[in-house]
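Next comes just one chain, in structure tokens: the form predicted alone.
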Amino acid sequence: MPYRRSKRKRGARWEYPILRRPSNRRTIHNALASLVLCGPAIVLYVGFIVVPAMLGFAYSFTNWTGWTGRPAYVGLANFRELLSDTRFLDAIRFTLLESALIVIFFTFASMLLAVILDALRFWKGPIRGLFFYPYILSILVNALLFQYLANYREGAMNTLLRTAGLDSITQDWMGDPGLVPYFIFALVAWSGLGFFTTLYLANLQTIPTELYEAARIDGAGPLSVFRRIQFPMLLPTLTTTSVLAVITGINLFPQIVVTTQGGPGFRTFTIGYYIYHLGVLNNRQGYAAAVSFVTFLALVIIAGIQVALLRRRQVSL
């Protein structure tokens, strides 16, 4: 309840009435209402997120297999093993490569696409829907579609090449160690482009039209409008999309499970798939928990640095 000025005046000072404190009965009523409304969500979050995370941290100091036997405390042995685990280091390299490609694409390519779609004068809805449609499909459907495209014998890509008389170019696109990382990136880019473009489009709708009219009067071209008006106004969304893109790249897992299963060899092992490989396929839950904890800390640090740098950029503009 805001303060209101009193009608009485003493000298040059105004008197303000003293606000009454809410009664204990009303405070208890509000607390009970909040508990009823938020309690179930809090219980679910604690039961399915907080408690498993704490248990996973505890298991990272054990040799728990996940099935039989009581876990034995091994201290920092799991974390020391990480330092010499070449497969873990390879998974980090592949994950960083995919994350870099995903961040660059979703941060800047989706921004340019949003600006182009926002400038359309006809068929705005259907054209935007075409770009957003892959996102509403499940990851399984998108992955199976790309797996079909890359199939050597019956895949659409090789079929088109054979039809065009380019049999020498046909190959197993997901079996080539040099091409499979970019094929995985193409899968992620195609399925997530609509979501990130929609974020930028929503921000573009908030830019006042007066700014565009003033730029048009001053004779500014599309490039100047983007550089002087749209890009500075899109920086908050750029911060959000870049953090989401980093999380998407580091948590890359279902696409690998459906398409390559970490192959060829171990070339497409991401950190997420490596954790699954350790915990589910090899029954090393304790070591997998240690990998998960280290990955979580790395993700928090990277996201924190990223947000700090981008916010400083916003302030400077």
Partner chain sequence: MRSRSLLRLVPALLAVTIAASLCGCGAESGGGNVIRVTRNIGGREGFRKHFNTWKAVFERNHPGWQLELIDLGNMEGSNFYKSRIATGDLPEIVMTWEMANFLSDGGHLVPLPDAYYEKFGIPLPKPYKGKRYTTQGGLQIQGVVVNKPMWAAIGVTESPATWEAYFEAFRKLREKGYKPLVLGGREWNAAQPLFFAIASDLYDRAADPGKPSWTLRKDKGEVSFAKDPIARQVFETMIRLVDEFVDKGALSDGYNEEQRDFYGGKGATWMMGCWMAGDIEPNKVEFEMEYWPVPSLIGRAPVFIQTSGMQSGWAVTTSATGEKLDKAMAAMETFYDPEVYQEFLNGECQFGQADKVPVTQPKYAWPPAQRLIENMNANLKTYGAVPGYHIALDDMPPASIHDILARVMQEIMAGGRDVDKLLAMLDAEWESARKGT
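Positions refer to the first chain, counted from 1. All values reported here derive from a predicted model rather than from experimental measurement.
What comes next is about the form predicted together with the partner chain, which does not appear here.
**Q** Using heavy atoms only and a 4.5 Å cut-off, determine which of Ala150, Leu201, Ala143, Ile102 is in contact with the partner chain in the predicted bound form.
**A** The residue in contact is Ala150.
**Q** Tell me, out of Val51, Ile42, Ala58, Leu281, which residue has a non-hydrogen atom within 4.5 angstroms of the partner chain in the predicted bound form.
**A** Result of the distance check: Leu281.
**Q** Give a yes/no on whether Asp172 approaches the partner chain to within 4.5 Å in the predicted bound form, heavy atoms considered.
**A** Because a heavy atom of Asp172 falls inside 4.5 Å of the partner chain in the predicted bound form, the answer is yes.
**Q** Please check if Val46 has a heavy atom lying within 4.5 Å of any heavy atom of the partner chain in the predicted bound form.
**A** Val46 lies outside the contact set for the partner chain.
**Q** Closest heavy atom of Glu154 to the partner chain in the predicted bound form, within 4.5 Å or not?
**A** Yes, Glu154 lies within 4.5 Å of the partner chain in the predicted bound form.
**Q** Is Gly263 close to the partner chain in the predicted bound form, meaning a heavy atom pair under 4.5 Å apart or at it?
**A** Yes, Gly263 is a contact residue.
**Q** Even though the partner chain is not shown here, does it sit in the predicted bound form so that Glu81, Arg87 and Tyr276 each have a heavy atom within 4.5 Å?
**A** Every residue of the spot touches the partner chain in the predicted bound form.
**Q** Pick from 222-230, 172-180, 193-201, 117-125: which stretch has a heavy atom within 4.5 Å of the partner chain in the predicted bound form?
**A** Only one stretch passes the 4.5 Å heavy-atom test: 172-180.
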